[in-house]
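Take a look at this single chain, the form predicted alone, given in structure tokens.
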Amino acid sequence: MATVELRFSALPEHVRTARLVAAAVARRAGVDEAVLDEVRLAVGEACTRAVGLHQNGGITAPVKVVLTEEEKQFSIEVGDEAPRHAPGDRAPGAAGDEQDAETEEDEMGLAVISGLVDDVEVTAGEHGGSIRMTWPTTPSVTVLP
């Protein structure tokens, strides 16, 4: 199992770098070429979501992206440190309409990711959350002369 870990400051300009790294590692892991655009888009959505959660929550910790190559699959986990609140609770200092807009934007991002990736797992809690996305890989074939 090969793993690449990327951490970046929660700034929108770093999302592009995360997308490029994810696509390069996915290609090397054996993810089908036809799916690489979906990998890029899904990682971009997940990272943009994490950046937004960090910025809205005033969190200075970096966004974490873990890319893992396993025997027959490749997974990317995008983690944030933004605490989640129970439904109906308001984040400290957030106005009602502002909170609703953030929730709507968050749900839209998750819907886009779910539309791009068949195997998605979203977790969230008081210490942050993660989005784990998994794609099948094809073993590389060695051609002998």
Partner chain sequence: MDLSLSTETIGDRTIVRVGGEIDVYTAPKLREQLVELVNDGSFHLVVDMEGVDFLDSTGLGVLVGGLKRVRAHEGSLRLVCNQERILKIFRITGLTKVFPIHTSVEEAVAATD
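These numbers come from a predicted model, not from an experiment. Numbering follows the first chain given and starts at 1.
Heads up, the form predicted together with the partner chain isn't pictured, but that's what we're talking about next.
Undergrad: Val120, Met108, Ala61, Val66: which sits within 4.5 Å of the partner chain in the predicted bound form by any heavy atom?
TA: Only one option qualifies, and that one is Met108.
Undergrad: Is there any non-hydrogen atom of Glu81 lying within 4.5 Å of the partner chain in the predicted bound form?
TA: Looking in the predicted bound form, residue contacts with the partner chain do not include Glu81, since no heavy atom lies within 4.5 Å.
Undergrad: State yes or no: in the predicted bound form, is some non-hydrogen atom of His54 no more than 4.5 angstroms from a non-hydrogen atom of the partner chain?
TA: His54: no, not in contact with the partner chain in the predicted bound form.
Undergrad: Using the partner position in the predicted bound form, report whether Pro12 sits within 4.5 Å of the partner chain, counting heavy atoms only.
TA: Judged by the heavy-atom cut-off of 4.5 Å, Pro12 is in contact with the partner chain in the predicted bound form.
Undergrad: Taking any heavy atom pair closer than or equal to 4.5 Å as contact, tell me whether Arg19 reaches the partner chain in the predicted bound form.
TA: Arg19 belongs to the contact set for the partner chain.
Undergrad: In sequence order, which positions of 21-46 have a non-hydrogen atom within 4.5 Å of the partner chain in the predicted bound form?
TA: Those in contact are Asp37, Glu38, Arg40, Leu41, Glu45.
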